[in-house]
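The data below hold one chain only, encoded as structure tokens and taken in the form predicted alone.
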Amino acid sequence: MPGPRNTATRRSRGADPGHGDETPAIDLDGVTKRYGDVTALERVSLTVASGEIFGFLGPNGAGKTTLINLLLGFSRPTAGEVCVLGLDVGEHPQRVCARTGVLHERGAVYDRLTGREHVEFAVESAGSDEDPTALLSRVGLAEEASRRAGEYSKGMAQRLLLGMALAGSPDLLILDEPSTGLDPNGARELREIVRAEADRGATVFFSSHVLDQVEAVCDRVGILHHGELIAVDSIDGLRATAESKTTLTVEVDRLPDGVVEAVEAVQGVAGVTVNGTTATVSCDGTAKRDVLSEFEAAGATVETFETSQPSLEDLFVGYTTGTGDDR
């Protein structure tokens, strides 16, 4: 696979930028993290622009949790620089955390506290004067505010953790598997919240295995594999870089003898499968016209056809085929 492309412009690191300037929200430079003989991250460099929704992908064991822990100051890199919101995380972990909202994959609620008490605590910790009821309403828990969190379903607990992450209108939101336990309505509401946060100027770092969610909201994605950042680009950019194939589905009135072989011989065609009078052709985008011409030249009438590009899931599989042990 081709090496990573990082389309964001690297900017100089500031000492303590104000809101709304052009300092990157996340700036990693040659970050390596080792645990004894195990290398969890290897020379990772990444810039996430302020206000961007950035999707962070990787198979289990790729090093995603390690990188998130470095962003939050929970651990320090073996080598390289980690800057968040213009601050060196190692030197200013508390200042970074004060401006960052986090929904961690391993986050947990306290069974004996109500939903309201959880959010009140988050608001107080953020030094905010927000109305906890408004936050609970935003994540769909206003009617469940007085219930103890121990009575919540997994999806409700996830909504509560999201509401806590939103407290204080953070400059950076780190969402680690945020759609866990959410039903389709909850996932849709999550996407709406993510877009709204970006619209107000927040940066969203969105780590997820649910690739449809990432594809629906993210400006760019980064793919981490075996501790190395192997690709960074928009989804369209990843498609172009991976030289991925287009799927052309052709419905004809009949399949004349030899037409499948003729289509397979077209330059840029990778394969043809047939189901009745429907042919599915994997090909380069530039080969579509020639494919249709071959059907017509053989005497078939093309009744309908449609094309589809590979999904983010297809691209992800292509980039990460062959995963290693967990890190």
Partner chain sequence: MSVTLVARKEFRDAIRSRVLLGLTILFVAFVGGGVVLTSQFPAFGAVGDSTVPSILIGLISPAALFVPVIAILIGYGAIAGERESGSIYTLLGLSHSRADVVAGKIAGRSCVVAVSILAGFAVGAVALYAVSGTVRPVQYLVFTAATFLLGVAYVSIAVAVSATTGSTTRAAWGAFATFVFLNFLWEPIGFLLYFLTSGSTTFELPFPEWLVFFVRLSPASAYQVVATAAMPAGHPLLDGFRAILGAGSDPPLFLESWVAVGILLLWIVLPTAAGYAQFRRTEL
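Worth saying up front: this structure is predicted, and the values here are computed from it rather than measured. Numbering follows the first chain given and starts at 1.
The discussion below concerns the form predicted in complex with the partner chain, not included here.
Visitor: Within 4.5 Å, heavy atoms only, one stretch in 253-261, 129-137, 206-214, 75-83 touches the partner chain in the predicted complex. Which?
Guide: Comparing against the partner chain in the predicted complex, the contact stretch is 75-83.
Visitor: Do Ser153 and the partner chain share at least one heavy atom pair within 4.5 Å in the predicted complex?
Guide: Result no; Ser153 lies far from the partner chain in the predicted complex.
Visitor: Just checking whether Asn185 would be counted as a contact of the partner chain in the predicted complex - the rule being heavy atoms within 4.5 angstroms.
Guide: No, no contact at 4.5 Å.
Visitor: With a 4.5 Å heavy atom cut-off, would you call Ala240 a contact of the partner chain in the predicted complex?
Guide: Answer no; every heavy atom of Ala240 is more than 4.5 Å from the partner chain in the predicted complex.
Visitor: Given that the partner is absent here, does His104 sit within 4.5 Å of the partner chain in the predicted complex, heavy atoms only?
Guide: Although the partner chain is absent here, His104 would touch it in the predicted complex, with heavy atoms inside 4.5 Å.
Visitor: Within 4.5 Å of the partner chain in the predicted complex, do Ser234, Asp236 and Phe305 each have at least one heavy atom?
Guide: Not a single listed residue reaches the partner chain in the predicted complex, so no.
Visitor: Looking at Ile230, Ala142, Ala198, Ala98, which is the one with a non-hydrogen atom within 4.5 Å of the partner chain in the predicted complex?
Guide: Of the candidates Ile230, Ala142, Ala198, Ala98, Ala98 is the one lying within 4.5 Å of the partner chain in the predicted complex.
Visitor: Between Asp219, Glu117, Glu189, Asp88, only one gets a heavy atom within 4.5 angstroms of the partner chain in the predicted complex; which residue is that?
Guide: That would be Glu117.
Visitor: Within 162-183, which residues come within 4.5 Å of the partner chain in the predicted complex, counting heavy atoms only?
Guide: The stretch touches the partner through Met164 alone.
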